[in-house]
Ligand SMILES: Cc1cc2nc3c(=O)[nH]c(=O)nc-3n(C[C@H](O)[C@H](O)[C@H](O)COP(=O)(O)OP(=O)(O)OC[C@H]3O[C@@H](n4cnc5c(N)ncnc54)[C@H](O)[C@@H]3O)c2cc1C
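So this first bit is one chain, no partners, the form predicted alone, shown in structure tokens.
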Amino acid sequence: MSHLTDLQEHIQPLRDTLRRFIDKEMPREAARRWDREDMFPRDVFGRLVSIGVTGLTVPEEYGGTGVDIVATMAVIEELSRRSLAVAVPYIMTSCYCGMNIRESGSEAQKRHFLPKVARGDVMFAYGLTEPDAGADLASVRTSARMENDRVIVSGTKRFCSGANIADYIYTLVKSDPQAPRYKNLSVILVPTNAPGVSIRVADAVGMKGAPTTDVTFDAVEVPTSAIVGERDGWNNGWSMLAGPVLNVEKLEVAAMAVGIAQAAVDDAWDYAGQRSQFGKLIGKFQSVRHKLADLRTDLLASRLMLYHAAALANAGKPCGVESSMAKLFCTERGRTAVIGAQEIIGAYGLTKEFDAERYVRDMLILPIAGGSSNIQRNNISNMLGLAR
């Protein structure tokens, strides 16, 4: 039995539980309504938490079920098959908060936040990107200065998914304008309800329910305990963006892509077995059969890459190349899948009566989020030592 087969068997009971939950608590019409109203179904999320899935990134000593990156990716994939309005908030709790605090938080921060992650009681949004700092995060202009036992944060962040439903913004700041590049950054936990925080929801085409936002910090004051890693974390923020957390973030996006692509291909497959033209089912036409065969093949390859990289991350092994490859492949093939599925469904795939148009809208962000496809190509070439 192959290692990857073992992994699939390991997470199959979890998948079965999630699919029953989704059928009951996240029916298609509800997912369409959440998308239409740009709504986060907090009550549904609360019932999801009761399954215990938010504890999958939390060690047992802090109230979790033990860290299981493979299972975490399976949760993201399954939720994304139905709705990003639940999948993204799950990531905001289990990954943005759970993974970052477990890897970079002080012991006091771990004791405070990780039990809340396991209970589903806290969400982080990422405050990384700025109007003039996207892939080049080391050039952020949002600033923080320390005054006695307080930190004052000022600046603007862009494309902060879910900040309007989050409890804290995991904010990358320039904390020492005189220090060398990469040694002048810190990460501050800014409460979304703190005085001076302004959040504006952007009307993006997809990822409804946890929408992208612009966030402004107008001399926001927080205690020094809000520095990730506390005082030891001051000017050490760059290291917190690299390593295991960055690799898992790429896999989170890949898992969303696999989930959406699976849903799109399943819908197109079913449609091809029901829709008749010219006196026979369209699934009997070679052009449709070949397209669906290619999409199924891409799905299998995507899933194998995702869970191979997730298994490496779970074992604490180097996986930078594999996670970049998975992110690149899954999101690019995912985009091909949703457009191909929409083409098979035809004009109906452009209407709100079918989910195909939502799959396309939700997928469009994924080759960009978490490091664009070209950034991943650079990562792969650099890490493999090409012409350096």
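All residue numbers refer to positions in the sequence shown, first residue = 1. Fair warning: this is a prediction, and the values are worked out from it, not measured in the lab.
One more form of this protein, predicted in complex with the ligand, exists but is not displayed; see below.
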> Among I51, I76 and S83, does every residue place a heavy atom within 4.5 Å of the ligand in the model of the complex?
Replying inline: no
> in the model of the complex, which of the stretches 226 to 234, 122 to 130, 310 to 318, 255 to 263 has residues with heavy atoms within 4.5 Å of the ligand?
Replying inline: 122 to 130
> Among T192, N247, T212, Q109, which has at least one heavy atom within 4.5 Å of the ligand in the model of the complex?
Replying inline: T212
>> Just to confirm, with a 4.5 Å cut-off on non-hydrogen atoms, which of V117, C160, V153, A166 contacts the ligand in the model of the complex?
In response: C160
> So, in the model of the complex, is G134 in contact with the ligand at a 4.5 angstroms heavy atom limit?
Replying inline: yes
> Should T17 be classed as touching the ligand in the model of the complex when contacts are defined as heavy atoms within 4.5 Å?
Replying inline: no
> I368 near the ligand in the model of the complex, any heavy atom under 4.5 Å?
Replying inline: yes
> Does any heavy atom of I380 come within 4.5 Å of a heavy atom of the ligand in the model of the complex?
Replying inline: no
